[in-house]
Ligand SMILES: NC(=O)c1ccc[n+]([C@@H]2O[C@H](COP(=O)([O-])OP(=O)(O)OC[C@H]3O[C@@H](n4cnc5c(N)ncnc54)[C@H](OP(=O)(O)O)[C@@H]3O)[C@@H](O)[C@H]2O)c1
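We begin with a single chain expressed as structure tokens, specifically the form predicted alone.
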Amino acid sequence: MALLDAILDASVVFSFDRSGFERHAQRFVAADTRVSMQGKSVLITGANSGLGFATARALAALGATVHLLCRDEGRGRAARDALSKELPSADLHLHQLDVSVLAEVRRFVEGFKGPVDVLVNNAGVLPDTMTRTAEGHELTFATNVLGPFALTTALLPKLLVAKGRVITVASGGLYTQKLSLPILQGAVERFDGVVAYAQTKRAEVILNELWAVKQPDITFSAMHPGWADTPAVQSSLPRFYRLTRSRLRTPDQGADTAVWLAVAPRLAGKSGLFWFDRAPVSTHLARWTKESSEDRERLWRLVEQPVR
């Protein structure tokens, strides 16, 4: 059985798809998520649909106070209303926040008065054309990396009080890329949205590791959800969606590891790891994708400078 699992996992398709989740779920410890989150405050970016919505629903069902951080207020309101209808006793709060805009991140944190036990950096974009924000940053980088870094940095005092957890929703797409700071910043002759997205996911995982060293009193985790059927996949990767839709995971399956990382008591202090289906996995499948220690520090300085 172990040999068969290894073969199927090496195939990628039969690991990242729904059958991979169902196979991996046989080793899950049910008690890990049979916990009460009463009195815990959770912030989730991109919570209005897909993995973010599934994560919000699962944590609200466990009793957490859930803050939905959404770029589009109308969609956020619809998500909150849907959750309230399904979970009438849920403690839900909607906040309009576009994490790609650093000024909005600062505004949000200045106005947020509550505690923070868990921050889920889930919001992400995969545009097919080069776009820069009003602040001059390439949109994919600003949304997926720079904004979440700024949000995490600004919330550190609250997270430290709670000895909290920060969870980053990454992607298996990072396995195709070696960190490139020029590509991250959009310094390319021809923009490739899939490459830009994968680069941001590589950066997210590296920053997760660096955060764990720099802030040992907070548990930092990155995870990838496998191939899940979400609105973002449907709109950003239509060809991939058409080819794989019969094999895609449900949003709940894709969000499972993020929920587990937020609640499982035995994970406190297990920081800086990259998780897939509740198991730590390597951040590299090929030697050529490994970055240098110098590039890791350059990445930290790149995201730190605009946030100061």
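Residue positions are given as counts along the sequence shown, with the first one as 1. Note that the structure is a prediction, hence the values are computed from the model and not measured.
What follows is about the form predicted together with the named molecule, which we do not show.
- Stretch 225 to 233 is the contacting one of 225 to 233, 159 to 167, 206 to 214, 180 to 188, since its residues have non-hydrogen atoms within 4.5 Å of the named molecule in the model of the complex.
- With the partner removed from view, the residue among 128, 72, 86, 110 that has a non-hydrogen atom within 4.5 Å of the named molecule in the model of the complex turns out to be 72.
- Interface residue among 150, 97, 118, 196 relative to the named molecule in the model of the complex, by the heavy atom within 4.5 Å criterion: 97.
- Although the partner is absent here, residue 48 sits close enough that one of its heavy atoms falls within 4.5 Å of the named molecule in the model of the complex.
- By the criterion of a heavy atom within 4.5 Å, residue 201 is counted among the residues contacting the named molecule in the model of the complex.
- The closest non-hydrogen atom of residue 143 lies within 4.5 Å of the named molecule in the model of the complex.
- When contacts are judged by a 4.5 Å heavy atom cut-off, residue 221 does not count as touching the named molecule in the model of the complex.
- Contacts between 105 to 130 and the named molecule, taken as any heavy atom within 4.5 Å in the model of the complex, involve 122, 123, 124, 125.
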